[in-house]
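Okay, so here's just one chain, in structure tokens, the form predicted alone.
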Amino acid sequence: MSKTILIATDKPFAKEAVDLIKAVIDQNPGYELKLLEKYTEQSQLVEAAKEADAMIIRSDKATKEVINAGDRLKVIVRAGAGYDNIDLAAASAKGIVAMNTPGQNSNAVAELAIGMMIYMARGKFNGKSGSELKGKTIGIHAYGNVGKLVADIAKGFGMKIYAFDPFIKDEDIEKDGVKVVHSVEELYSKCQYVSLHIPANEKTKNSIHKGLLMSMPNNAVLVNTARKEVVCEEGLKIVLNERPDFKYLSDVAPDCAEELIGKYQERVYFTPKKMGAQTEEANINAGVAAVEQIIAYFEKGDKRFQVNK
């Protein structure tokens, strides 16, 4: 009996990505593809999971209900780096392997972060004089795949680059020509721009608080291509109110987005829908990596990218 790989995407992969995923499956007998695209109700995902041996998702929510419905389900792959949309406890309880595809959309996210900085520095292209990135300080908060690429691009703009990441050795950051700081407080107080790349978990949620933001230099800009939950919204509102020089850019609109746009339209910007991985290249890289990881798991027991160990 063939194994069914379900691609469940509210925001579908690009056609070329789906075609390449199909090509990988066609090269591996014993697998078939099922698509659930642009679905409108979570119940549709629950129903589709019942017939899946493996599932690929993007920003879709693999909740406990979805996982429990999948009696045949053995592996879930989030096509991207963040995996907080998978209920890891529920997956582990059923012996399901949860994976991500680290690095596959990193360049797309990094380019978006820099692009948003340029957009705001030039006054959202309003025809008035703006400012340049050259010579400005930028802090990379978490020097993983995306953070490293943001630093690489920032170097090309002639920015002064700092990074904080307690999980990476100083020498591994310094060899890239990036200065290391050893606390978030030092990072935020030194840098006019901070590019945020931390995951959302119990330790990081609301960790970017009023104190950190108030300590940033004049004309401070916080760029968030991570998760909205890591920024304390109440603190953010206070900082925007008390500091007319402060700007906030995010790839994930906060819950208070409408209020912030109404009051501080010239100093905030939120992409219409999470856009970090929305390039053709990232679509292809993450989608193909996801299906290859699934097949490697079934054929070889490869759990290299498992996140619920």
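All residue numbers are counted from 1 along the displayed sequence. Nothing here was measured: the structure is a model prediction, and the numbers come from that model.
Missing here is the form predicted in complex with a small molecule; even so, the following discussion is about that form.
Asker: For R78, is any heavy atom within 4.5 Å of the small molecule in the model of the complex, or not?
Answerer: Contact check for R78: yes, within 4.5 Å of the small molecule in the model of the complex.
Asker: With heavy atoms only and a cut-off of 4.5 Å, decide whether K190 touches the small molecule in the model of the complex.
Answerer: Although the small molecule is absent here, K190 would stay clear of it in the model of the complex, with no heavy atoms inside 4.5 Å.
Asker: Determine whether any heavy atom of T63 comes within 4.5 Å of a heavy atom of the small molecule in the model of the complex, and answer yes or no.
Answerer: Residue-level check for T63: no, no contact with the small molecule.
Asker: Give a yes/no on whether N68 approaches the small molecule to within 4.5 Å in the model of the complex, heavy atoms considered.
Answerer: Outside the cut-off, so no.
Asker: Only one of these stretches, 81-89, 121-129, 170-178, 68-76, has heavy atoms within 4.5 Å of the small molecule in the model of the complex; which one is it?
Answerer: One stretch meets the cut-off, namely 81-89.
Asker: Report yes if all three of K3, I56 and Q293 come within 4.5 Å of the small molecule in the model of the complex by some heavy atom, otherwise no.
Answerer: The answer is no: none of the three residues contacts the partner (heavy atom, 4.5 Å cut-off).
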